[in-house]
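We begin with a single chain expressed as structure tokens, specifically the form predicted alone.
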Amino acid sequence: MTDAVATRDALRIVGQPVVRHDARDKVVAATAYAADWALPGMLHAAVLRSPYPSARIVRLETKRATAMAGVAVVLTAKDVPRNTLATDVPGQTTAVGPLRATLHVLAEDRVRHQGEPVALVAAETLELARDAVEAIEVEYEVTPGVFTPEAALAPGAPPVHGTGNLLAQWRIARGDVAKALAGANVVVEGEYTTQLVDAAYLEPESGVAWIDSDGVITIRLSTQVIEHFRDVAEVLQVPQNRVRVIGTYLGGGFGGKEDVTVEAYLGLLTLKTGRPVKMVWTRQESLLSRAKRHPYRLRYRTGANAHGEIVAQQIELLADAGAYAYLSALVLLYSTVTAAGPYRVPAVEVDARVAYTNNPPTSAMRGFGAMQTVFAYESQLDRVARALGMDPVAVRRVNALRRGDTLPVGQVIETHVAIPELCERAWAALGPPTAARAPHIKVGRGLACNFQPYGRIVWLHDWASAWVGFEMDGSLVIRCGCPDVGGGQASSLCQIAAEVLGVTLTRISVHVSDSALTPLAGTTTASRQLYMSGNAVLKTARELRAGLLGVAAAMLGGDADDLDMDEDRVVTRDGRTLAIAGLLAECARVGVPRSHLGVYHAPAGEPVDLATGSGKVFPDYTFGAHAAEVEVDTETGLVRVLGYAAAHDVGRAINPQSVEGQIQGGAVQGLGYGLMEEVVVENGINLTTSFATYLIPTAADVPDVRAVVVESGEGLGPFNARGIGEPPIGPPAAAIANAIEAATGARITRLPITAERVARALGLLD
């Protein structure tokens, strides 16, 4: 483990809790989000959506809507040049295999889930657009549907698509599981259920589109992926260079804005009308129609010896993809790789499946398949500890992965695993135990660990690019296509460039998220942007620095290796200085570039056979441990979180303030997942279409989260950082469940952990 404290002293900007460049505008409400944009002559758009989860479209009549005054256009599937969107990521098919369904832009002959889009309207006002939607006449013939993965995979089940309902299956087999379980001192069996969850961001899906004077369709929207310009171009059947996507700052994404949302609709409507078009989904529409987090059923058999060492895990995972493939096969892959947890397990079997149903589609959400499994494997480990009379910290210390260990999938862990330290620090951060307030109030503490990959799968050959350049006065410009989703991605790029080039932060401007004007940097997903775009800026800045210092060495005399850049100057070892502006003037005179475009390529690999455990899947992993103290009212089942601590090894904190914010925000979102959030669907009908019924935690529901930032200095990101966007959401649900069992002896196996479910586990309800 690298001594990060010793190396931190050599850094000036990286590692400092600087104020992010966008902080002031957000505090004073000056940030322009996607829905804040408007253009002269702008039309307003609305979508007609199916009320049924499974039905044939018998008749679709738009004449009355089209004839309404103020309605510019009404579009159905026959009006879309190419009415399909790919539900995979370019380059992904070698890893996942062809996904067996495409997403229709607008429904053609049938609908497969409630909320599926059937028609589009653009009108002079939003009210007119909505009236026109109501005027569209649709006759449906309701058809049988399937509403659980088990029902979908049963013999004779109605097919959601023509190829059967099994979307994807992954298997891992390592060691002799049956023999290991037979020889175990204790075997714990458990079945766990996680729920359908919405991203529930405060900013719904929104955007505005127009056609520039040169004929380029420009779409400004809230998105995590500006590369969707290619998808829009395919739908419109125009060259990709005729579509431009500009990403705004996001009011939340959490994976929900990774897939195409409004951009294809906006592109279609502005192409058909020749006018600017705006679309903003309502909260009801967002909760009804957006892809959700996958619900899972997880079955575990865990064997351990008398010392608490896990000897075998037998795991079965079953996930609900909903009506379309989206990213379900990849989500399931993440679940499969992480199913055994951050622990040494010599014998493992994992059988993971995901099935189509007529429920709302499911896709990416923060944690991306690696968090549902945490609830199961951390519950199992606590049950092993309880059966053997072991301390929860001790059982994790005994089993924690170490550098050089091999995961069940065959990947060797190449960096430090801080699980024992993280457990101890999270547990200690809770402080002295809280005394119960009354005899019927029980207080308990729980611990949960996780590991989360950061960066995309190695066989996708990920890359990101960045441009860094000086103006003649010594100010610096960064251009990078990474969307900033609120996690401080853009500000981190400024800190990295400032560290390398010695420029004062206030003299740096950064431009992000424009498919036409910023070098492409990939998606803001998979906890990858600091890793990928950060490394791209670091590489680019270092290459630019090398060229500049070569000129400076000639001006000052001596070797470029003896020069440094700090506080807008070049500095020699003996204290002489050269202003950056003077250096740039000389560079201009001798023809040395003052800017540089660089590309960072992540370590690559080839697809592996998971079943045989033959190689590397992800670049690296982030490790965490959370501790919770709860009180349980044994008369009502009500759970209140009294204290919470979250410890993560981030490799290096580029901006500790942003890192703490990510840890705290992720933990709170994870507490919502554990205690209250659920999209309730009955026979394909979504009953949770407002924040009155979809409950998210408020300040009154959670305590202050104590963020414990550990810096091992061993990440693969810039200055050895590790990704931290997703990891903190994983452990909270398991930590709460373990704390409840510690307080009451009752084991909760279904999320969310509502008062009713606790009361039933306590025997208060039938």
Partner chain sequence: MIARLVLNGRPREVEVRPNQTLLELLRDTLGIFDVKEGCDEGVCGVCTVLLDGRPVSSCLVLAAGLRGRAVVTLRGLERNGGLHPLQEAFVRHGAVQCGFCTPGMLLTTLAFLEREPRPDREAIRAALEGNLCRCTGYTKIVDAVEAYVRGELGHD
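On a predicted model such as this, the values are computed, not experimentally measured, just so you know. Residue numbers count along the first chain shown, from 1.
Omitted here: the form predicted together with the partner chain. The next part is about that form.
Taking R56, R49, K26, R64 one by one, only a single residue has any non-hydrogen atom within 4.5 Å of the partner chain in the predicted bound form, and it is K26. Contact annotation: of the candidates V216, A604, V571, I696, the single residue with a non-hydrogen atom within 4.5 angstroms of the partner chain in the predicted bound form is I696. Comment: 252-260 is the region of 252-260, 393-401, 557-565, 329-337 lying near the partner chain in the predicted bound form, near meaning a non-hydrogen atom within 4.5 Å. Within this chain, E139 is remote from the site of the partner chain in the predicted bound form, having no heavy atom within 4.5 Å.
With a 4.5 Å cutoff on heavy atoms, A10 does not count as touching the partner chain in the predicted bound form; it lies far away. Within this chain, G684 is remote from the site of the partner chain in the predicted bound form, having no heavy atom within 4.5 Å. Contact annotation for Q669: at least one heavy atom lies within 4.5 Å of the partner chain in the predicted bound form.
If you take 183-221 and check each residue for a heavy atom within 4.5 Å of the partner chain in the predicted bound form, you get D198, A199, A200, Y201, L202, E203, P204, in sequence order.
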